[in-house]
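Have a look below at one chain only, the form predicted alone, in structure tokens format.
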């Protein structure tokens, strides 16, 4: 594919490469960043490669992001991964770079790079990056394979979501062949602190439902602080509502330390990305995120969600 060839050509061209992700990074974001960094360093050892942005306590086993000064961006190539809109970048300094590439798998809503490769039919950004390496015979170490496999595992819900294809399994299999022990990753992802377990109990006891089709939980600042968990641990509880019988969509409303309010939205059928876009967000048809100005926005959001759910036909 010509775009992929252009991406590889640009990577060869630049000596300094900075890899960006999104705010509140998940496994696919950090897996894509660390995996791509590993591929570039393994293939071209003399290049300076950095993964910048936010780190994650939940995913600390994957590694730590780099800290770079503004001057590093001069004459550099920035590669932005797993990012649908520029506003959500955790380090927005990619505009200081000489050239920008975007690799993503979200539904495209805007253009903000010089070269963009977006495949919204792919399970994860990590799958795209792994196949760029395999298809172009680029090198990769075991650490890079672990990062990319973790990205695929987390963004497919451990291979449960409809986004997976035969190629997803083929790609995961090629990464496994490099020596990955899947249980090592699962042990890290499944680990809970006593505090996070207690919060899960709170979620299961306090979630709310609307017409048996939509479930949600509010994570106010006082709840997060009462249980002594990180914002990330609190936000990850959106998955707790996925198994409720009859529920088609679910959401977690969360108030972060800066008192910004965000929504994590998930679905088993109705397309939710348009609703997310209405609330200053976006994402996938079945998994999106959005923002609220205040808690007063919850009721209008629920009303809009029920319109989406009630108009849904399989």
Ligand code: AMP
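Residue numbers count along the first chain shown, from 1. Source: prediction; values computed, not measured.
Beyond what is shown, the protein has a form predicted in complex with the ligand; the following relates to that form.
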- Among 36-44, 241-249, 279-287, 55-63, which stretch sits within 4.5 Å of the ligand in the predicted complex, heavy atoms only? 279-287
- Does the trio 22, 85 and 106 actually contact the ligand in the predicted complex, every residue with a heavy atom within 4.5 Å? yes
- Query: residue 10: heavy atom within 4.5 Å of the ligand in the predicted complex?
  - Reply: no
- Query: So which bits of 244-263 sit within 4.5 Å of the ligand in the predicted complex, heavy atoms only?
  - Reply: 262
